[in-house]
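Let's start with one chain on its own, the form predicted on its own, as structure tokens.
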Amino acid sequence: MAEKFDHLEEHLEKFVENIRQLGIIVSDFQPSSQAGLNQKLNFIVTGLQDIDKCRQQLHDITVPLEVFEYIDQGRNPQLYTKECLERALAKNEQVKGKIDTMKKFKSLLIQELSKVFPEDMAKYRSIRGEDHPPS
């Protein structure tokens, strides 16, 4: 899988370098540099074709739109992953707290029901396979 990305990365790096060189040629254009300009334009077209070929190998990869928003804002896309993990951990803690609260509630409910309905709760415990009433 990483090989696919390495191949794409290589083509993108070549493409970016050709664009940089094209910018240099255009910024100081001389009629004598027309052949170099044409050559760079052909390299750019070829580079775009190579990148398009890589697209076929990566068609099954999905990237969340938020990652592109991070990039557009000039932020590091790895921050997106970090923030997603932090949100997941926070949500996990919240859910764990709810589960703990429900377990405490169940325990208290069984204790109180055992006081009011001892015979019924004994049947309940025997069905559930519990031998002793919760303390």
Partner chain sequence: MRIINARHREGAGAEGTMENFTALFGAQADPPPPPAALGFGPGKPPPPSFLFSLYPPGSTELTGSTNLITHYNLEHAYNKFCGKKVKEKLSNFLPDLPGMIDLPGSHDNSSLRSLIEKPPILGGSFNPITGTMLAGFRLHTGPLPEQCRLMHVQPPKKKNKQKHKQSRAQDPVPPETPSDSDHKKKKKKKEEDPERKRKKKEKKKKKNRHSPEHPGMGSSQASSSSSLR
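This one's a predicted model, so the numbers in the text were calculated from it and none came from an experiment. Residue numbers count along the first chain shown, from 1.
Absent from the display: the form predicted together with the partner chain. The rest refers to it.
Though the partner is left out of this view, I71 does reach within 4.5 Å of the partner chain in the predicted complex, counting heavy atoms only.
The partner chain is not shown here, and in the predicted complex it never comes within 4.5 Å of any heavy atom of Q56. Although the partner is absent from this view, K104 stays clear of the partner chain in the predicted complex, with no non-hydrogen atom inside 4.5 angstroms. In the predicted complex, E10 stays away from the partner chain, with no heavy atom inside 4.5 Å. Along 66 to 103, these residues reach a heavy atom to within 4.5 Å of the partner chain in the predicted complex: F68, E69, I71, D72, Q73, G74, R75, N76, P77, Q78, L79, T81, K82, L85, E86, L89, N92, V95, K96, I99.
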